[in-house]
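First come two forms of one protein chain, each written alone as structure tokens, so that there is a structure 1 and a structure 2.
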Structure 1
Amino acid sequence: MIDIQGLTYTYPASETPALNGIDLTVPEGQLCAVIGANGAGKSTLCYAIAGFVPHFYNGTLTGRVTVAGRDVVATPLAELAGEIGLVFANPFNQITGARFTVREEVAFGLENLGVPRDDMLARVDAALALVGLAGLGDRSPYALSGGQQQRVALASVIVMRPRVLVLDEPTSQLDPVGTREVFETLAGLAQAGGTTVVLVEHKPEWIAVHADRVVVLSAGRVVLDGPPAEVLAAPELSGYGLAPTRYTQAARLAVGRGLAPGDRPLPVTLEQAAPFFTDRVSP
């Protein structure tokens, strides 16, 4: 679904490339989490998948980015919109302000695509139900909490039925309640299946449970790539400025103090942690 080959990109007026020789293939339906320290190039990667790099930011790009069978670099942005959905951190900036109600706000993308009004109504209501905002369609989008606004942003993108959904730190500006709301929506979406999701996210506990795969970026390069249990428990994680899950941290501590044997893989989820700490291997 996403196929990136040898992607190197440098912002205009910048010396060093923000992305440096990225190779990444994400199959259809996968939920691929991307983590990395500040400035690692996560947002730039999101923009490259959605076409804003290079179409919006210009700069120099080499390599190939293919999404849903389209050559992103050769396809104008207006044609990529709808195929590739993009959600980012600040909910306020994603509300167009052009529409009065939540329902109309969500419909904005479909209006631009010229979807007939009857289809539009059904799709908007389905998208609102999916993000758990079914009852709020007639409210002003400004009269919602941050978590609700972010779900409006999510619904506004989902309603266009993108084949690929790119989310750049969608919960970083939300409180714990808003964060949970958005994650639960994403989990539901992943379960509904079909959509390929690239998610930049800092919360390893959540990634460990829901992601199919974790990619670690550092200084514009992919440095680790694999299933969450493997990547999130990797000892080199802290070298890239990233913290492992609480479960991994506790397990590592226990192993270090001789309280648990060191020959088993470290847990990254609560589910894995319980047996790790309770199954004592008799000496």
Structure 2
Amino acid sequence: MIDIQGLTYTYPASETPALNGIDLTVPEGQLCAVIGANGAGKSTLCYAIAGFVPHFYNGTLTGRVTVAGRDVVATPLAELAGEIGLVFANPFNQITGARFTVREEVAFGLENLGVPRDDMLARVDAALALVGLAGLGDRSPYALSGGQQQRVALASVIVMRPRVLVLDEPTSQLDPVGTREVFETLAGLAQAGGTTVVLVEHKPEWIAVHADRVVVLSAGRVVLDGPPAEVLAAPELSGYGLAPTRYTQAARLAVGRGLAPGDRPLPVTLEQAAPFFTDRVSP
């Protein structure tokens, strides 16, 4: 679904590439989490997949980005929008301000496509329910909390039914309950609906549970790529400015103090940690 070959991109007025030789293939229906320290190139990768790089940000791009069979560089943004949905980290950048209610805001994109009214209303209600805003459709988007506004932005993209969903820190303003609901929603879209999800996040415990794959970026390059159980427990993770999950940290500390043998994979989730400590920790 997403095929990136030799992608190097430099922003205007910059001499250092934000992305440097990226090779990445994401199959249909996969939830791929992208992590990295600040400045690693995560947001730029999102923009490149969605076509904002180079169509909106300009700059210099070499290599090839193909999404849903479309060459991103050669395809206008208006056409890419039908296949790719992008959710920004800050919901204020995504709410149009052109509609008075949450329901109207979520319906904005469908209106522009001329979707029949009955179909549009059904899709809007389904999207609001999916992100936990079913009872707030008649509220003003600006009367909501930051976390609720972030869900409005997510619903506005989901309602378009994109084949590829790209999200740049969509839970940054959500509490733990909201974070869990968003992760469960994204995992459900990938598993049941076949939506390909690329997710930039800084919450390893949730990534460990819901992601199919984790890609680590550093200085615009892919430095680690694999299943969450491998990548999030990798000893070199800290060298890229990233912390492992709390379960991995506790297990590594136990091994270091001789309380547990070091011949087993370290846990990255609570489900993995329970038997690790129950079965392996010395009295």
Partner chain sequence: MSAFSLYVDRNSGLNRLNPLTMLALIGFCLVAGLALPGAWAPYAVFLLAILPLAAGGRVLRPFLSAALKIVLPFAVSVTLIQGLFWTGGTPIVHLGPLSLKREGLIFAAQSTGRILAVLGSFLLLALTTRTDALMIALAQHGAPKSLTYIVLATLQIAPRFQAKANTILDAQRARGLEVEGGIGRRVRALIPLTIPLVLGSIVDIEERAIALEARAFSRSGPKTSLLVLRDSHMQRIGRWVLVGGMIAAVILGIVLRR
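In this text, all values refer to a predicted model and were calculated from it rather than measured experimentally. For clarity, a rigid core is taken as the largest C-alpha set superposing within 1.5 Å between two forms. Residue numbering: sequential along structure 1, first residue numbered 1.
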Mark the structure, either 1 or 2, that is the form predicted alone. 2
Rigid-core frame, C-alpha of residue 153, shift of 2 angstroms or more between structures 1 and 2: no
Rigid-core frame, C-alpha of residue 176, shift of 2 angstroms or more between structures 1 and 2: yes
